[in-house]
Structure formats: C-alpha cells, structure tokens
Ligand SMILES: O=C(O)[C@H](O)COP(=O)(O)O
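Heads up, the chain below is alone and in the form predicted on its own; it's given as structure tokens.
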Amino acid sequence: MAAATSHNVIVSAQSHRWNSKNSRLDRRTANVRLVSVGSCCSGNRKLGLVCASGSQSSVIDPVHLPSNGKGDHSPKKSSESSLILIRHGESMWNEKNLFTGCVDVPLTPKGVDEAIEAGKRICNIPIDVIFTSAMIRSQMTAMLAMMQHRRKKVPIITHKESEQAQSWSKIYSEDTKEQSIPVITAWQLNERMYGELQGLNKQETADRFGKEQVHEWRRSYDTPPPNGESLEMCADRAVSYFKDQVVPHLTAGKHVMVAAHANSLRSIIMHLDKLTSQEVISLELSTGIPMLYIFKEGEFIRRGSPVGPSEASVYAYTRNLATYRDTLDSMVQ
C-alpha cells in the first residue's frame, strides 16, 4: 500500500465532492487538510482525514435519505445530530489472517489500543445512544472507546430479549439513568457471514482455490462464498436495520455511535454516500478509525475520518459540536 500523502487546501467556502474514479476530493470548501491513503491505481481507497482550520469547518457532499415507505423518516427541521461509525479494533483472527465473519472472537492487545485511540478521537463529540453488532469485538470497541469520553457517562448494554431480562436489568435511579448511555446490540449489524471460509487462513485459501476465486468471494458485490453471504445480502439486513432503528434516533435529535464491522459499515456507507456496487467493493475501512456524519434536515453530511493524525478529535466541527466541546472544557476547569 502506498504511504499516506497529505495536501493543504485553501479554497472558498462551498463543498467537497468525492471523485471515486481517481480517489481524490474535488476542491470546494474552507481551510482543510486532507489525507489520502492508498494508490489511485490500486482500485482501493481509504477514507481520509478532514480537519477544520481555526473557526472554519469543511462540509462534504450532503446525502439525502431516500423515500421508500416506512424506512423514510421526516426529520425535525431544527435538529442537528451526530453519527459516528467505527469499525472494531483488530481481532485475534485479523491478526492470524483468518476469515472471521460471524465467528465471535475478541480483540488483540493492538485492537484494544485502537479502540482506546478511537475513543480519544471522539471524546468531544456528544453520544446519546450506541448501537453495536452482537459480536464481542464490536462491543469491546464501543466500551473501550466510551471510557475515553470526557462526559464520563457509563455505557450499559440493554437487554430486551425477554420480559425477565428487562425486569432484572432495570435501573431505579433517574440520576443514574441520566449518567448512562444505552447500548443496543443487533445481529443485523454483524459482519458478513463467510460460510465455509470461516476459520480458514486467507493465504492458504487463495493457494487452494486460486487468487481470482477468493478475490471474487471477498470483493464482489453479489457473489457469496460457499454457504455464506454476499456483500449485497449483508447490505440488505444492515441498511434496513439502520433505516428502521438508527435513523429515528437521529431524527429525534439524538447523537448516535455505531460500532460494527467492515462489511456492515461498508454497506451503511454505501447507502449514506450513494456509492455504486462497483465503488463500494473498493472501499476499505481501517480498524479502529471513527468516521463522523452530521444528520440535519434529512441529509447526511460527511465530516471526516482521521487516518493517523497526531492530534485526537481532529474533525470538521460544526458550530453545535464546537459549542459542546467548549461546554466540556468549562466543566473540567
């Protein structure tokens, strides 16, 4: 992979638009610094850094929610909500180069460090509710990240699988509720199920079946591995859940974090950024790197995804986010 390159851009205050053909951003906004990772010739791209300069902030292509029946929600005109997407930190099977899919394995020490670093980068961004997959690696990432948040609220996994589970986990103090953040787990946000490839070494599988066949299983949009899910099948469940369960919280003015997996998040980003099936298969998401969107007046506006900046929480803040950060500053003085 090519080394990360940075570009300083100073232009008039308009908007950025992603150019998928050559992995760059057309220049159209205020002072920002961009980091692009990967080769434009490789067919892969990683989402890069977008930082605000001074009081200015960058705005990236707004994305309208589609109107398709009950998945569509009418937003509150005055509200502005934050959406943070985080791929879990490195898992023990990532480290071993094994196909993981829906096998439930924990993070490595490196993955723990990535989750903690992710938390530092979002420590000034409000979070009211957290969604994770049913997998321990995404739940560990969410919990470790929230431990770094300056608001010091406690993430608590909600249990609604039965009346008894709800009753036994009830909180009876309103003050304690105010200092807690509900964590909602959902299998629909799980990683793509890799079928008979799960647990196999990726290199050994390529040697056995051929690189082209394995590449098609891993990177095509609609070809599943043996007895597994294609990216299209994963997208069907992940995006439907996102529209039905996550968007209503954003519409109500809540700030949301989603900690999930490469393919479930890739599917959601495909929906938010209106990527084609060809564009999404070349989209790479690094472990433990948060991505920020603003939801306002029915639009999702991408505000950045840091790839290794030296300063934590380097995002294109909106005025509301800057005010929230200032409030946190005043609380610790």
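A residue's number is simply how far along the shown sequence it sits, counting from 1. Being a predicted model, the structure only gives us computed values, none of them experimental.
What comes next is about the form predicted in complex with this ligand, which does not appear here.
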Self-check item: 4.5 Å heavy atom contact, G101 to this ligand in the predicted bound form
Solution: yes
Practice problem: Look up in the predicted bound form whether F242 has a non-hydrogen atom within 4.5 angstroms of this ligand, and give yes or no. | Solution: no
Practice problem: Answer for M140 alone: is it within 4.5 Å of this ligand in the predicted bound form, judged on heavy atom distances? | Solution: no
Self-check item: 4.5 Å heavy atom contact, I127 to this ligand in the predicted bound form
Solution: no
Quiz prompt | Residue (of H149, R237, R218, H255) lying close to this ligand in the predicted bound form, criterion heavy atoms within 4.5 Å | solution = R218
Quiz item: Of the residues A262, V246, L144, C123, which one places a heavy atom within 4.5 Å of this ligand in the predicted bound form?
Solution: A262
Practice problem: Assess the spot marked by D273, Y293 and K296: is this ligand within 4.5 Å of a heavy atom from every one of these residues in the predicted bound form? | Solution: no
Quiz item: Which among 203 to 211, 190 to 198, 177 to 185, 114 to 122 is in contact with this ligand in the predicted bound form, heavy atoms within 4.5 angstroms?
Solution: 190 to 198
